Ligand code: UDP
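The chain that follows stands alone, in the form predicted alone, written as structure tokens.
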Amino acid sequence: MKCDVLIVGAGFSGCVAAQRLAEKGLNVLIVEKRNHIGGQCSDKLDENGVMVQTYGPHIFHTKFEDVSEYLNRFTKFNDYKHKVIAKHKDKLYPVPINLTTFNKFYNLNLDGEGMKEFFEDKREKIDIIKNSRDVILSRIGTELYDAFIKYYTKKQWDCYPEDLDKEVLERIPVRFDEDDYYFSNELQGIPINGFSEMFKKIIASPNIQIKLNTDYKDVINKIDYSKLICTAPIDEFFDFKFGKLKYRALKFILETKDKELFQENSVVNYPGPDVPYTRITEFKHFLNQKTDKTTIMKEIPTWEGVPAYPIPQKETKELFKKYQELAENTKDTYFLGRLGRYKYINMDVACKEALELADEILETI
């Protein structure tokens, strides 16, 4: 087999990079271990007629207009705007924490300024923010932290916030108004025919070939290529030379409910330690589907399964730097995506970085 660029992985990063390279006339071969394209964003209609996102909920949102314009070449997005509620002691609260959450939790009726003054007494005065626990306690104190943050984080990462880098929870806002949208971006929504259909159109070029059900390790030495883009785990690519990087995975439990709707919202978080799962997603809310039955998905974080989340801790970052240095000294080889760059990134950033890398490669050919 021969190609100009070999791409390992048919997820968001791999497909977008392939499209940009192919439209400029390069021949691209994508090798994908799984039996489908789209990576973690893959979706399909189930037996109930519900569009189920195979690896948990994905909602596109971005502040990058160029990324939005690019993807709109291949799909239309609906006007879905994401909201999340959390169940604590049989009551439902908006998250991230906002004025509604605050007043309901404390049985108060304060405005935003009153909420700020309240937290001045509640929050811990921490001079140097060292970890994610410090981030939250310095903002809102212990009560809301214990209710919504502490045990959810333990389930998600298998460690408490004090053992995670501060940037993990720094990105979670505390809002002093009633804004209950999960994302602040104006540009957000779900592809009207699903993500998988979008990816089919992205890689529809005759200059792109794809081999599914294929481990790149089995075929890489049989392929004649000029450039390589790897979106697989970077430590795996280098045969774990410095040891294995840690990744959190997810176990998904799908259930059919013989009712039109199971819950009032698309996603309900379960932040307490009393249940093993972190959230339940009811997918038909995303596309406003009308069916007699509904499909829900429970998520249980685990160390086994498909790698999904790089672990944001000091020791893992130090290990990654060793692989990063090795990658930088590997000729004509590039790494993309969460697993290739060992970095938690959203879909829009994955898309933007893939386009940028493709343009960088085009300048060298």
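In this text, residue numbers run from 1 along the sequence as written. Because the structure is a prediction, the values reported are computed rather than measured.
Omitted here: the form predicted together with the ligand. The next part is about that form.
Inset, instruction - Given that the partner is absent here, state which listed stretch (123-131, 109-117, 171-179, 201-209) has heavy atoms within 4.5 Å of the ligand in the predicted bound form. - result: Partner-contacting stretch among the options: 171-179.
Inset, instruction - May I ask whether Phe148, Tyr152 and Arg279 each come within 4.5 Å of the ligand in the predicted bound form, counting any non-hydrogen atom? - result: Per the other structure, all of Phe148, Tyr152 and Arg279 touch the ligand.
Legend entry - Sole residue of Ser266, Asn98, Asn269, Thr295 within 4.5 Å of the ligand in the predicted bound form, by heavy atom: The option sitting close enough to the partner is Asn269.
Inset, instruction - Tell me, out of Ser226, Gln156, Asn193, Thr142, which residue has a non-hydrogen atom within 4.5 angstroms of the ligand in the predicted bound form. - result: Selected option: Gln156.
Legend entry - Partner proximity in the predicted bound form: Tyr309 to the ligand, non-hydrogen atom cutoff 4.5 Å: Looking in the predicted bound form, residue contacts with the ligand include Tyr309, since a heavy atom lies within 4.5 Å.
Legend entry - Residues of 333-357 having any heavy atom within 4.5 Å of the ligand in the predicted bound form, listed in sequence order: Only Tyr344 sits within 4.5 Å of the partner.
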